[in-house]
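Encoded as structure tokens, the following chain is the form predicted alone, with no partner shown.
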């Protein structure tokens, strides 16, 4: 049974004490999750009493997980990338990938390249197998227009792996050609950045998620609308759909039902719809028509959702966040 947007419903919820920032499926029942306890945990989602096994080696939040063949790659706020042997449960390689926090990873669709973005404002593209750096992409400003440090939050490969999109704190999005390593398009999304010059002298928001459509024509960009009270994630969840080659905004959607950051965007392989997830103190998961930008189905989640993985052939969606693993039927 493949995923159907009209079938969205929760089928299992597992409580945790930690915050989970990343998830990747090993098979139909087992997942790896990256945790605030600096470890990677392997869990059987069908056996609540089973003890989790751990991969230890990072020294801060594990924010990215990707499967590369029979290996796992993890990334963390400690700036390191680590390759793991899943059979032996041992570390194969550790790379000092970035000078500051790694915010997000993305694996190319052919499984050969791995992208990382960090608060050092550099995107690096790695050979996913041997760990060698292939590209170093620099184009995002290191400080905001208000002279505060910026952050590079997210990245995504196009379906043909020719292009990579990156996005930052002030809503600046860059599309790179991975053959040349050159910038080919830039998109601005200023509605996703809030600057408070009076009460807190602080900013919030930024682009937190990106996804190319399977045909490569659309780029969906997710974050949060303007915030009135900057001490909270009080802005409405937001995403914008672009024809990125033309730089044309097709749809901008501000969610009246959910507040907070749109943390993840994942297209269904058909290209007809995509999943958006995130939240503030509570969370949300919704399926959106990619042609109209209209919601097909949606559901509240009990906590802020940080990462999702769609397993289309199983018709399942795994989500993780503050103290929760949730399994959804699609």
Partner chain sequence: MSKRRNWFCGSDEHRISRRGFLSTAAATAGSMSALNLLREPTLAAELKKQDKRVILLWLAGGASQLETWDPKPGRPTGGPFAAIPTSVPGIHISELMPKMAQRMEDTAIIRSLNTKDGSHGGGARMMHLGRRDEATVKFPDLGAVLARELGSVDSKVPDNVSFYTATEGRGNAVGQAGFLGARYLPMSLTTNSKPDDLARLESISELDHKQRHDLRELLSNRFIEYRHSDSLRSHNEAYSRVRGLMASDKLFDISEEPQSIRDRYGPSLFAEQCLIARRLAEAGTPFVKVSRAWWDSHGQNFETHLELVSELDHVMSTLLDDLKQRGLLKKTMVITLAEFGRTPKINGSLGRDHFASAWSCSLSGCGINGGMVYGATDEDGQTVKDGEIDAGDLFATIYEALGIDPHTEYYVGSRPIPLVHEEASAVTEVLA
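Positions refer to the first chain, counted from 1. Just so it is clear, the model here is predicted, and its values are computed rather than measured.
One more form of this protein should be noted, the form predicted in complex with its partner chain, which is absent from this view; the next part is about it.
Though its partner chain is absent from this view, in the model of the complex it lies within 4.5 Å of a heavy atom of just one residue from 218, 113, 203, 118, which is 203.
Of the residues 67, 272, 281, 300, just one reaches its partner chain in the model of the complex with a heavy atom at 4.5 Å or closer; this is 281. For the marked spot (73, 161 and 309), a heavy atom within 4.5 Å of its partner chain in the model of the complex is absent from each of the three residues. Among heavy atoms of residue 77, some come within 4.5 Å of its partner chain in the model of the complex. Though the partner is left out of this view, residue 256 does not reach within 4.5 Å of its partner chain in the model of the complex, counting heavy atoms only. At a distance threshold of 4.5 angstroms between non-hydrogen atoms, residue 267 is out of contact with its partner chain in the model of the complex.
Interface membership of residue 232, defined by any non-hydrogen atom within 4.5 Å of its partner chain in the model of the complex, is confirmed.
The candidate stretches are 123-131, 88-96, 182-190, 140-148, and the one lying within 4.5 Å of its partner chain in the model of the complex by heavy atoms is 140-148. Residues of 59-83 that come within 4.5 Å of its partner chain in the model of the complex, judged by any heavy atom, are 60, 61, 77 in sequence order.
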